[in-house]
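Taking the form predicted alone, here's one chain by itself in structure tokens.
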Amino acid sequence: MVIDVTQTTAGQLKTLGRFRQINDTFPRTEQIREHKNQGKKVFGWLCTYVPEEIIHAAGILPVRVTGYSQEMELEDGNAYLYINNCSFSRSCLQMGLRGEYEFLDGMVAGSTCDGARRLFDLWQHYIKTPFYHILTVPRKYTEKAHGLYYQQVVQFKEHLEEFLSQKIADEQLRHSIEVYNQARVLLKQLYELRKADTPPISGAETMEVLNTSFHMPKETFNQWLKELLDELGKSSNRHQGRARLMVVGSVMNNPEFIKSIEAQRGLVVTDELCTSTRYWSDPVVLAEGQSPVKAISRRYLSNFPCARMVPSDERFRRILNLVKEFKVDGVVSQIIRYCVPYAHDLPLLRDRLKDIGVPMLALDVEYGTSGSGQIQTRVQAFLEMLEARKR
């Protein structure tokens, strides 16, 4: 059964409804409450360069700190952060100041951009989470950079062990690597389904699955995702649109934004976001006799690069590969205002896409936007242009 992307399969895909319930109740999800009720700790993390496996191996539930799932007035966030800090950092801070992350026992961040760094500083000063740690993240991939980041991960592990008054054994780290690698394999399988001419799952629905991965134990998430993949394999639902699109740019975890594009029958088939492809793309490769910490640190610095990393060639190479693999007709760039890393390399990426004949629509947005009238008008015009190119 071929259906437009404007329709939803949630009623027919039982597991997708369960994912949606988690997102609707975040940050007070049942899984987080259960974890806390068992006397266990929950840590927040702010950036994909934070090694989750270290937290997980300590018996702590890692939860990604995000802002509101819709565009909001940010009175408290604006009072503590300059307005030229991105609205993602201000939204996260507002939630923290209003006690919506009161269940956190720790906060871990990476010094990846000014917004994240200032958010961490203010969180530490005003919100008073018991444990704090920030990792220095190099902007290069050289062996010296890997050596520096490895020492940062070692120091984080030692700090966490000191806080917990217990050692994190290599055996525990290997188990966590296995759990997280399984999640990466399963998410890759989900994305492989989207390469089809008429995928069984939409871009908005995929983002709902991804959001859930940040808000619940990975073991349970993996089981749910296996069930969803099984359902999708048996489902007759197939999505189609006017054009196949890729979304790139700043941090985004709002399915409504994707849904606003798909409501105009632009089918989002892949992406380059730190809340999606860049989160799961590369596994931790544990070589024979290698320290788990070394393998973890190598993966996180070598993963699908953020726009902050230099040179940009590897990131652009991966984006162009995704464009070809997913048969993308056009790219939608959504950049949060004052997100310097992504705004900086936008012209460079546009030029590389132009070289292979793929148009780009660049949107300047606020974090949590669901697609304003102006954005919808521009998306509509972009889709009409892509249709005209096919004639």
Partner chain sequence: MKVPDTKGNKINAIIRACRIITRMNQANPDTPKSEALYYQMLSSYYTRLRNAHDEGGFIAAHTVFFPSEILYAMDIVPMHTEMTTWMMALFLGEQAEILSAGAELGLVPEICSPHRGLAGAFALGALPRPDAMLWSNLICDNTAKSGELIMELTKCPGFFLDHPFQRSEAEDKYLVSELEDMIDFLEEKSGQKMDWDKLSEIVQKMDHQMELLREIGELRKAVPSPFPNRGFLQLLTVDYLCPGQPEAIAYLETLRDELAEKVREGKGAVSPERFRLMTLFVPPMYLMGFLEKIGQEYGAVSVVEPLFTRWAEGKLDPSRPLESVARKTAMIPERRSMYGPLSQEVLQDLIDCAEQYKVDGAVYWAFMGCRHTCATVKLFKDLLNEVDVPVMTIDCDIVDPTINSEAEIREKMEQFFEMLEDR
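Just so we're clear, the structure is a prediction, and the values are computed from it rather than from any experiment. Positions refer to the first chain, counted from 1.
Same protein, other form: the form predicted in complex with its partner chain, not shown, and the subject of what follows.
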item	value
Stretch from 148-156, 269-277, 172-180, 285-293 whose residues place a heavy atom within 4.5 Å of its partner chain in the predicted bound form	148-156
is_contact(residue 330, its partner chain) in the predicted bound form, heavy atom dist at most 4.5 Å	no
Its partner chain contact at residue 32 in the predicted bound form, heavy atom, 4.5 Å	no
Contact test in the predicted bound form: residue 136 vs its partner chain, heavy atoms, 4.5 Å	yes
Contact of residue 347 with its partner chain in the predicted bound form (heavy atom, 4.5 Å)	yes
Interface residue in the predicted bound form among 85, 250, 297, 212, criterion: non-hydrogen atom within 4.5 angstroms of its partner chain	85
Contacting member of 122, 190, 95, 104, with respect to its partner chain in the predicted bound form [4.5 Å, heavy atom]	122
